[in-house]
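Coming up is one lone chain in structure tokens, specifically the form predicted alone.
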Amino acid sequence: MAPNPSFKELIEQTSRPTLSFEFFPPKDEQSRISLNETVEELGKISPDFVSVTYGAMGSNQEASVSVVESLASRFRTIAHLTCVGSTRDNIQQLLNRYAKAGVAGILALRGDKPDNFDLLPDSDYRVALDLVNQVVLENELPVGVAAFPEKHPESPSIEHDIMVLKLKQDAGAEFAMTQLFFSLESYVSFVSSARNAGVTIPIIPGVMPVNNVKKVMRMAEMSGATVPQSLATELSGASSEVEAQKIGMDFTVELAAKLLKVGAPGLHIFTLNHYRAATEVARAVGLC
């Protein structure tokens, strides 16, 4: 079980920024070995919490739940949970399993529309707010939600996203974690607008170390995150993969440091199940 303070107390504390890491469930034996090594190495840093992703429509359900159950006995563990294409009974069964495992909280997400669907599949859930309501009303688990500094891909505007975030807060969400972004200004502007709209919960920035340039650029394209032109130009002009990695990591560390300087409540580092880059960022900004 997670040690004191509780997760709710942790995210509300103001004495220092939190450090956390995101993992995803392994798809094969080699990726399982990589995940285990990453967990062991990052565990030495003593993160404040960790999170585990969950595929839309439960595409990696059993693997994700297994990782959550394993980690929850060692770390405060946030279980991502998507509800697209799901029934309330199925989701409740998962929530019961997570509660039994001692998770620190749930990150309530709608989930992406599957590639082979023109419209959202049949479901007991229309939006993530439906899942937030279920977790809050029927389960004694802290619940967090996603935030989109550069707008959700399906949203008409950032203003709409902030309105939805406020509705989730009003329903009982206790924290938010952002999706991938590369611009300090995007985060600062989003948080400022959210505060003006009455959002008071912590908004923890998600940071992606740019150490595997091709993979990170592909993820940015898929998520709609804007890569600064200056970074793209530097990376394209790199004479080698090693130089590109250095450019990317220097950029990541600078962004992370600036996020903390402007008052971000912590850093949630997307590890991609590799520990070296995540460790480098955490150490460079003084979080370990």
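Everything quoted here is computed from the prediction, not taken from an experiment. The first residue of the shown sequence is 1; numbering continues from there.
Although it is not shown, the form predicted together with a small molecule is what the next lines describe.
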Spot the stretch among 67-75, 154-162, 194-202, 135-143 with residues whose non-hydrogen atoms come within 4.5 Å of the small molecule in the predicted bound form. 154-162
Since exactly one of 105, 209, 111, 85 fits, which has a heavy atom within 4.5 Å of the small molecule in the predicted bound form? 111
Let me know the one among 95, 217, 188, 129 whose heavy atoms come within 4.5 Å of the small molecule in the predicted bound form, would you? 129
Would residue 183 sit within 4.5 Å of the small molecule in the predicted bound form, counting heavy atoms only? no
Just checking whether residue 175 would be counted as a contact of the small molecule in the predicted bound form - the rule being heavy atoms within 4.5 angstroms. no
I'd like to check something about residue 167: if you look in the predicted bound form, is any of its heavy atoms closer than or equal to 4.5 Å to a heavy atom of the small molecule? yes
Even though the small molecule is not shown here, does residue 60 get within 4.5 Å of it in the predicted bound form, heavy atoms only? no
